[in-house]
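Just the one chain here, the form predicted on its own, laid out as structure tokens.
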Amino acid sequence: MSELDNRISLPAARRRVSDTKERRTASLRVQRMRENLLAYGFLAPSLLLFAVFLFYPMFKSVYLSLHSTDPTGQIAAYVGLDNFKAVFQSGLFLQGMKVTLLFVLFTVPTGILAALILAALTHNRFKGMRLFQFVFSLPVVLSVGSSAVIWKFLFHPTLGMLNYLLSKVGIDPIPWLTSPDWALVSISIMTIWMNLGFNYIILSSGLQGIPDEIYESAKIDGAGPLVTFRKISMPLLSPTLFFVTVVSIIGAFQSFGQINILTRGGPMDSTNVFVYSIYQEAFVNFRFGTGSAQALILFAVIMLLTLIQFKWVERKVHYQ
């Protein structure tokens, strides 16, 4: 008996169930296809932006890093890995990474610690605390350019407010931006203030997310404020601290605007971080090959540090 005969011999009720099942399957397939098309439609603007401003420049950097360019920036010849060798042999990598690591060391721990202290102090709902929360969050609304201009006036050797305040307590004026010993410190102070708003908002939100019942239980058990903060707040805040740390380190490695406005890498290359060195090499000296090679090296360093943090530091994070 053929399959067609078998189908014909099926009872009418079974055929109706089978037809209904097939129609339902087809309907679900069409619905799933429509949902996928709708999802890709919503993602299309983001994918287009990523393709234009992220993936294309990245692939272009890889292409340029393998070629030499003429003084007008046009491709001259294929040189393989010579641009990478030139970066390491010229000392640009070691000098840039030395200054960059010092900058990260100055800004990241200090900035997170300052934001954590302010978030803890303003966690209690005292009267007027909203004003302090607004003031501490204010730097986040300012652009890098505006912040750098403000601090350029503050750092002015004769007209700046900082040296004026120091003179009131009998301290000699400090050459904030003109001394190799002080320039990186000055840039770091400005960067800490500039990042304080973002770090404060994130950490304050993390503290607000801890249930009040836990604090009340600790208070009933006789725990003091410091013990409560160390035993309860810090472990429950560790995911937020980990996020802030990763973002702050990546942001410090990518700092450019404040250095370009305040010191332009000087004096004596004391603030010539790796990103500014890339800018000088590519857009001032028009050596796009070595500039692209430096950019790829920086990308590898940031990715390696991020992987290390997710591999080892995340083990200390306490997820609820």
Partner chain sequence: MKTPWTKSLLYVLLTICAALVLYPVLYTFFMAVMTPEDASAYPPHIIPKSIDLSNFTEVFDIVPIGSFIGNTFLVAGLTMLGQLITASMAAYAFAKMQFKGKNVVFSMFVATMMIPWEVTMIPNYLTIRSWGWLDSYQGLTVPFLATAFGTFLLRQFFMQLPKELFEAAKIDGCGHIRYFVSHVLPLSRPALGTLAIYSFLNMYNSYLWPLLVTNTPEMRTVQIGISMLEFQESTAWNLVFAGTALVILPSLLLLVFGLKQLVRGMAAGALKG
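Residue numbers count along the first chain shown, from 1. None of these values were measured; they are calculated from a predicted model. Definition used throughout: the rigid core is the maximal C-alpha set that superposes within 1.5 Å between two forms.
Another form, the form predicted in complex with the partner chain, is not on view; read the next lines as being about it.
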Counting any heavy atom within 4.5 Å as contact, can you tell me which stretch out of 97-105, 82-90, 174-182, 199-207 lines the partner chain in the predicted bound form? 199-207
Just to be sure I understand the contacts: of I232, L138, L113, I249, which is the one whose heavy atoms reach within 4.5 angstroms of the partner chain in the predicted bound form? L138
Any chance V227 has a heavy atom within 4.5 Å of the partner chain in the predicted bound form? no
Hey, in the predicted bound form, does L159 get a heavy atom within 4.5 angstroms of the partner chain? yes
Tell me, yes or no, whether G266 is in contact with the partner chain in the predicted bound form, where a contact means a heavy atom of each within 4.5 Å. no
I'd like to check something about S68: if you look in the predicted bound form, is any of its heavy atoms closer than or equal to 4.5 Å to a heavy atom of the partner chain? no
Does anything in 272-291 come within 4.5 Å of the partner chain in the predicted bound form by heavy atoms, and if so which residues, in order? V275, I278, Y279, A282, F283, F288, G291
Superposing on the rigid core, do we see a C-alpha displacement of 2 Å or more at P71 between this form and the one not shown? yes
Superposing on the rigid core, is the CA of V284 displaced by 2 Å or more between this form and the one not shown? no
